[in-house]
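Next up: just one chain, as structure tokens, the form predicted alone.
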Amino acid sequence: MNKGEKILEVKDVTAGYGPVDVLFDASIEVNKGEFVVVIGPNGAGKTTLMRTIDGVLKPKKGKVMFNGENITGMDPSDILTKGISYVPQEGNIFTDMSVMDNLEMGAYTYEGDIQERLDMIFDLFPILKERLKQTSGNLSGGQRQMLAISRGIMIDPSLLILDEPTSGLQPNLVTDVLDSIVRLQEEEDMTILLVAQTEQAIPAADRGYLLRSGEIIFEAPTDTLLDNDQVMNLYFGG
């Protein structure tokens, strides 16, 4: 697949929890090599959208296409083998295991040279190399997010999905994490779909979607996204 070709297509997806629908006819697209951000107020359905793409939730309507294949309703483990790596906001590391054990667990489906993946990660997050033997539960919040992202990229995914990876981090750490994500796109040609928790994430991406009350209401290149009144009013409070 050449850069710029469509890699992910979510078409008219309705999904939720039990009888309660959270997403309503939501549609997004991600092209190969893109960094796409999904923003919206709390409760808009951003995490529900990511979970539906990853197979954690089965949509009631619509479909999810990946590399031209219908993956709607597949188990998350099967979707992982297709090349989609999903890093949730919470529960994204094994806190009772070492940093190295976490990284090795992240690579359990990878058939290439694990050391090459580790070298890339240590270049991206040098602090993890220093903490290899440390129990992950003793890492700082920023280091945990770095480890979670690193676990997600150990398999060299075709698509990396990150659910609010900068949530709760200090501003300087937000910048560090976002810079690392941009490096993944630019240096590793990684395709990234990110749920944004901070305004800083928007200009780092190529294109963005605004999700409100389970509906996609706006899509634009990110250099114009912040100029939109709906984005400013709904996402940033004016």
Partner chain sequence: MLGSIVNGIILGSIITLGGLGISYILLIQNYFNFTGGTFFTLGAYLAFAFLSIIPMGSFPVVSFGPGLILALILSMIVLAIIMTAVDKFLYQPLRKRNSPFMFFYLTAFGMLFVLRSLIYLIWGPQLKNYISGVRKTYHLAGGINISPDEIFVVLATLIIVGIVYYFQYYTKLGKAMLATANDSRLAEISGIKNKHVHTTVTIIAGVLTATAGVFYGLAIQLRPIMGFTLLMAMFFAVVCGGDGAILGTLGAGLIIGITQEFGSEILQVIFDSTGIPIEMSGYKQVLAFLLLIVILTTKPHGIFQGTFLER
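Quick caveat, the model's predicted, so the values are computed rather than measured. Positions refer to the first chain, counted from 1.
Same protein, other form: the form predicted together with its partner chain, not shown, and the subject of what follows.
Participant: Just one of 30-38, 51-59, 179-187, 207-215 has residues with a heavy atom within 4.5 Å of its partner chain in the model of the complex, so point it out.
Facilitator: The contacting stretch here is 51-59.
Participant: Quick one: does P88 come within 4.5 Å of its partner chain in the model of the complex, counting heavy atoms only?
Facilitator: Flag for P88 set to yes.
Participant: Does any part of L132 reach within 4.5 Å of its partner chain in the model of the complex? Heavy atoms only, please.
Facilitator: Flag for L132 set to no.
Participant: Considering only heavy atoms, tell me if I127 and its partner chain come within 4.5 Å of each other in the model of the complex.
Facilitator: Looking in the model of the complex, residue contacts with its partner chain do not include I127, since no heavy atom lies within 4.5 Å.
Participant: Please determine whether L139 contacts its partner chain in the model of the complex, using a 4.5 Å cut-off between heavy atoms.
Facilitator: Heavy-atom contact with its partner chain at 4.5 Å: absent for L139.
Participant: Can you list, in sequence order, the residues from 76-96 that come within 4.5 Å of its partner chain in the model of the complex, counting heavy atoms only?
Facilitator: Residues within 4.5 Å: P76, S77, D78, L80, Y86, P88, G91, N92, I93, F94, T95, D96.
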